[in-house]
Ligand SMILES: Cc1ncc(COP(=O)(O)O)c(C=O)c1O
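Next up: a single chain in structure tokens, the form predicted alone.
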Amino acid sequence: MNSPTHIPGVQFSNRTRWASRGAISFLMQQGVENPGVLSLAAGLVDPDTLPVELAQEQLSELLADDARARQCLQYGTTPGSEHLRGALVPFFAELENSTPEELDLQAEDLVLTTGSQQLLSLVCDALFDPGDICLVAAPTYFVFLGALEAVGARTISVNTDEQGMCPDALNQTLADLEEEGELGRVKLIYLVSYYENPSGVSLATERRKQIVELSKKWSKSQRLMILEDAAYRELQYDGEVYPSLWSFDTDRQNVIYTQTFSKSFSPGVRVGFGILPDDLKKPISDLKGNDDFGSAHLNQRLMAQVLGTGHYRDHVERVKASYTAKRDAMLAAAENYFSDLEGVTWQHPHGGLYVWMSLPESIPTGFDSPLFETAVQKHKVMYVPGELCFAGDAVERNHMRLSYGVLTPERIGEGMKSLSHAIREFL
């Protein structure tokens, strides 16, 4: 018998290593291994708000005509369905409180993606070489931090308060990088502009204008782009109505805008869109063509059908009513169970899916912390550690992201009560 030959291991790429943070996988694993745990971590949408009947009706109508059905079930184009891109022009103009003519917006300015997450990834691929720099809020969307890490980009946090990223701090950061000879490596400023994941904060209107102006001021050796992630724009429950950063970019050169229907309609449909500056359209389309040469055509045609009926707005209002009740339940529970805990504070968001809670600096909240283990194992409640949402060396370890997306208001109250019991053990 021949002796077995040695089989060498697989030599993985640097990108595989850079993409190995695994926070989402760990959270999912915790949920599977602890089925009785109340999850204040999951960023999923409320299953009761999913548009089952509306999707059934519109799909049936869409597929009723044989010729049209065959078109819908065929490959689409890389930029996406002309039907949906055409429907998105007046849709977006309405969000901007304007008209397509006033915005000078055409269907050709849009690209359709698999949710907004795909565009985030494509922008990383288009702009970053290893060692290039992205400036982000502190805290920011931790999945995008993973996308940056996967292309070898460096992330630098910019000071943020209850009104979002601070323009003075951004200006100083860019000045410091110029002095260090690093300005030429700064490619992008990333901002979740509405009801940010994780903090629930929205960037103040005046700051939106200032940050766009700063992107132009510091576009010296190359253009400094802004990626505006507006995933939660439609989930507004009260408070001020904010204009987009895109609206302040009057020459349409510096802001990349992305939005998704995953939160407002259905994550299973996975339809998002981006509005791109002219010279970014071909690079993004080329990269997307290498990935999938077009996101799911049927899903795009379904969204076009839904937007064309007028039922979409009614659905969004129902979604907002549901989440308003859930947000109010979480804030009421925070007041009931945490208001007497010294050093514990939380944000009061006007939209989105998250409440950001801060503990005394002496209490870490990470996956390897005693608090996380106690919360999950003893008190049967889970949260997202806030440290995942900070870039580079500016990590703060005493925060947590709490989601009210999935649980009922009653279960949210139970989860918050359990979490307060866990925290009390460490005060």
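Residue numbers run from 1 along the displayed sequence. Since the structure is predicted, the reported quantities are computational estimates derived from the model, not experimental observations.
Same protein, other form: the form predicted in complex with this ligand, not shown, and the subject of what follows.
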Completion exercise
The listed residue (Y323, Y232, F92, Y312) that reaches within 4.5 Å of this ligand in the model of the complex by any heavy atom is Y232
Completion exercise
As a check of understanding, the residue in Y141, W246, F128, F265 with any heavy atom within 4.5 Å of this ligand in the model of the complex should be identified as Y141
Handout entry: this ligand in the model of the complex reached by all of S157, S199 and W356, non-hydrogen atom within 4.5 Å
Key = no
Practice task
Answer yes if any heavy atom of T260 is within 4.5 Å of a heavy atom of this ligand in the model of the complex; otherwise answer no.
Solution key: yes
Practice task
Please run the contact check for S285 against this ligand in the model of the complex: heavy atoms, 4.5 angstroms, yes or no?
Solution key: no
Handout entry: T173 within 4.5 Å of this ligand in the model of the complex, heavy atoms
Key = no
Problem - Contact label in the model of the complex: Q117 to this ligand, heavy atom within 4.5 Å - result: yes
Practice task
Go through 334-342, 147-155, 224-232, 69-77 and give me the stretch that gets within 4.5 Å of this ligand in the model of the complex, heavy atoms only.
Solution key: 224-232
Exercise for the section: Counting only non-hydrogen atoms and a 4.5 Å cut-off, give the residues of 188-223 close to this ligand in the model of the complex. Expected result: Y190, V192, N197
